[in-house]
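In the form predicted alone, a lone chain appears below as structure tokens.
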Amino acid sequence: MPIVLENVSFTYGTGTPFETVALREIDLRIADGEFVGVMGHTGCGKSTLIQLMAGLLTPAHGKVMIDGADINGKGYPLANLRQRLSIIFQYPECQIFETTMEKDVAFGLKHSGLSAPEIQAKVCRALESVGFSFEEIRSLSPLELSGGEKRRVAIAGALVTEPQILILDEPVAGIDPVGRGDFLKLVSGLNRNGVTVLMVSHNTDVLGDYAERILVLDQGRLIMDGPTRSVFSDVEKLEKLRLGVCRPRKIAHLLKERGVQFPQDIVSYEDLLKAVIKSRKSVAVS
């Protein structure tokens, strides 16, 4: 299910005094199975972009194509798209509204045509994939859960349809380090199994660790698009945009500025650790 945007623009409040252009002439293709990070300042168009991909907004100009079909075309089955694409907004725990956890997670399967036992099996798998015991949590009210637990339930609700495309809007905001690590491992595992992941985040360290490709938006335009190592190699441009790079890349850049011979394609802490070990071995040998 490749995602293709052809000359897509979007404007809020068209024809009113509050008219604001959010996206300008975006051309973009995301292949099946990619893990793509999206960066940019608040108001640059990131959320608008992912809502257009999810069919929640309609472009003023251009086309949004998924699997070769215009999702805003006449007769396009948006219900099918909802089964194949899931979007998790920032603070997804605020989206929980049912009386029990089982009902809330099952909501996405309401019009799936599956039998009750089939739905229950999918709900069980989704809850267990985010670390819950189905039998222990299925009848609990949302009021009985902590904030972190509610977020995991909301994520299970997005995963229950077993989507081929998963879109995440600042998914790790407000999560403690342990919960953040567990969640990102889950998303990374889904990606390794073929799920296309699009993650909007201000956390450059997370993008450096997990995304294989980075999109950078500025004032509604796509100004950078490439492999993570390539995009983060342009430290000066990203700092000029006041976005910065991941800390491992910044460390490598600072070492270079101080005359230390150090790899400049580092984007993750694992990269940094390997480079440090290699550097120490070289010093020991010489």
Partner chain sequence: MSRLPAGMYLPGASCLHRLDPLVKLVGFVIFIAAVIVTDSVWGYALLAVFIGGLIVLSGIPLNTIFGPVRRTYLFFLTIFFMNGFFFSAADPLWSRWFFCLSWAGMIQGANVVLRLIILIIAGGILTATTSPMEITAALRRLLKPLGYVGIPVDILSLIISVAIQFIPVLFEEVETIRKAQTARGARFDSARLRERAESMFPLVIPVFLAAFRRADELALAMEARGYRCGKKRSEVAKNSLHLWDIGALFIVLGVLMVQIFVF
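All values derive from a computational prediction rather than experimental measurement. Positions refer to the first chain, counted from 1.
As for the form predicted in complex with its partner chain, it is not shown, yet the points below apply to it.
**Student:** Counting only heavy atoms and a 4.5 Å cut-off, does its partner chain in the model of the complex sit next to every one of Leu56, Phe97 and Phe107?
**Tutor:** Yes: each residue has a heavy atom within 4.5 Å of the partner.
**Student:** Given that its partner chain is left out here, which of Ile137, Val123, Val187, Ile87 has a heavy atom within 4.5 Å of it in the model of the complex?
**Tutor:** So the residue touching its partner chain in the model of the complex, by this definition, is Ile87.
**Student:** Work out which of the listed stretches, 210 to 218, 179 to 187, 123 to 131, 97 to 105, brings a heavy atom within 4.5 angstroms of its partner chain in the model of the complex.
**Tutor:** Of the options, only 97 to 105 has residues within 4.5 Å of the partner.
**Student:** Could you tell me if His111 has a non-hydrogen atom within 4.5 Å of its partner chain in the model of the complex?
**Tutor:** Judged by the heavy-atom cut-off of 4.5 Å, His111 is in contact with its partner chain in the model of the complex.
**Student:** Quick one: does Ala173 come within 4.5 Å of its partner chain in the model of the complex, counting heavy atoms only?
**Tutor:** Taking the distances in the model of the complex, the answer for Ala173 is no, it never comes within 4.5 Å of its partner chain.
**Student:** At 4.5 Å between heavy atoms, is Tyr269 in contact with its partner chain in the model of the complex?
**Tutor:** Looking in the model of the complex, residue contacts with its partner chain do not include Tyr269, since no heavy atom lies within 4.5 Å.
**Student:** Taking heavy atoms and a 4.5 Å cut-off, does Ala116 contact its partner chain in the model of the complex?
**Tutor:** The answer is no: Ala116 has no heavy atom within 4.5 Å of its partner chain.
**Student:** Taking its partner chain as it sits in the model of the complex, which residues of 1 to 38 have a non-hydrogen atom within 4.5 Å of it? Please list them.
**Tutor:** Stretch hits, in order: Tyr12, Gly13, Thr14, Gly15, Thr16, Pro17, Phe18.
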